[in-house]
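One chain comes next, on its own, written as structure tokens: the form predicted on its own.
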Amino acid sequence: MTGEIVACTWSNDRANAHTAAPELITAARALAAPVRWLAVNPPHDAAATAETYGAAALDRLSDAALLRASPDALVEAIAQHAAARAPRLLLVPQTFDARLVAPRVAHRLGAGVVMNAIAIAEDGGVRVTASAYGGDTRAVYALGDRTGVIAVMPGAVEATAAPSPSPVHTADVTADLSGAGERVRVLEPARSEGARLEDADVIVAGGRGLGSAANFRLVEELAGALGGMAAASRPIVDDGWVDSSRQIGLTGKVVRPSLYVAVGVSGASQHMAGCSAARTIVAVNRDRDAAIFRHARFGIVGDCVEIVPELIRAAREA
């Protein structure tokens, strides 16, 4: 095992995890170890990003097989690189794909794995603090001297530029994917149009407190007035009020907007796992004891069907 830390991101037809690279490199740099960034199907500005945030080396791995949604080839490529480099830690972003990729890579390497990480520190070895039980509590894992694969939650680390950027050693690397069998065949790929919730700076999310599917239009109108996007909690998705592509939470999208407005959302731990990284949370709920108020910076107690139209009017007049 070497002393370096590898931050790994990728791009395929389902997701682009490269946006997490500055956070992963910052987290690795804080551990006072050489940082190597493995960029699978790298972005055009990878070298500049590596230099800005303090990676000592950048390995660019490009392969058409890695552009497909199936994780099998991705697991093979990352495992081969890690086996060759033998890093002390392998950091990946906590994405949908990471839930499938990280544990499998760890198994290949005989390494420990921690998901939902929110902090990494040195304390006689590596200690990882992770969100547990849907965000209700925190768990601390001691990896000791063991190699670790760690999936870092979005927004857990604030990306900061290196104080004195230095030239980055850049190399194009390859992986032998001839034996990577794709066990899942995509019959019809998912298609999405327009902006993604994960990229939104402002999100307004609705829950059962709206009362009926017809009232979801209030969420959409407020989102429009604020220049943001509309989202939903799982209960109203399950009830068929909204398409599942709008769902925020443990089994939906994980977002980190500057402003998150929760309208009629109770604040269950499963929902908060998807939005707790928001910079500012505003809650509107008639139940003054609702869990959402423990997470919100600002809260309004009242019927959201009465309050939201006033918020829409104020936003439009601002």
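Every value quoted in this text rests on a predicted model; they were computed, and no experiment measured them. Residue positions are given as counts along the sequence shown, with the first one as 1.
Separately, the form predicted in complex with a small molecule exists; it is not shown, and the next lines address it.
- A heavy atom within 4.5 Å of the small molecule in the predicted bound form is found for exactly one of 169, 138, 107, 208: 208.
- This chain is displayed alone, yet in the predicted bound form one of 88, 234, 127, 85 has a heavy atom within 4.5 Å of the small molecule; that residue is 234.
- Proximity of residue 24 to the small molecule in the predicted bound form: non-hydrogen atoms within 4.5 Å are absent; the residue sits far from the partner.
- Mapping the unseen interface onto this chain, residue 268 counts among the residues with a heavy atom inside 4.5 Å of the small molecule in the predicted bound form.
- Though the partner is left out of this view, residue 287 does reach within 4.5 Å of the small molecule in the predicted bound form, counting heavy atoms only.
- Although the partner is absent here, residue 131 lies well away from the small molecule in the predicted bound form, with no heavy atom inside 4.5 Å.
- The chain is drawn here without the small molecule; in the predicted bound form, the stretch among 24 to 32, 45 to 53, 279 to 287, 60 to 68 whose residues come within 4.5 Å of it by any heavy atom is 279 to 287.
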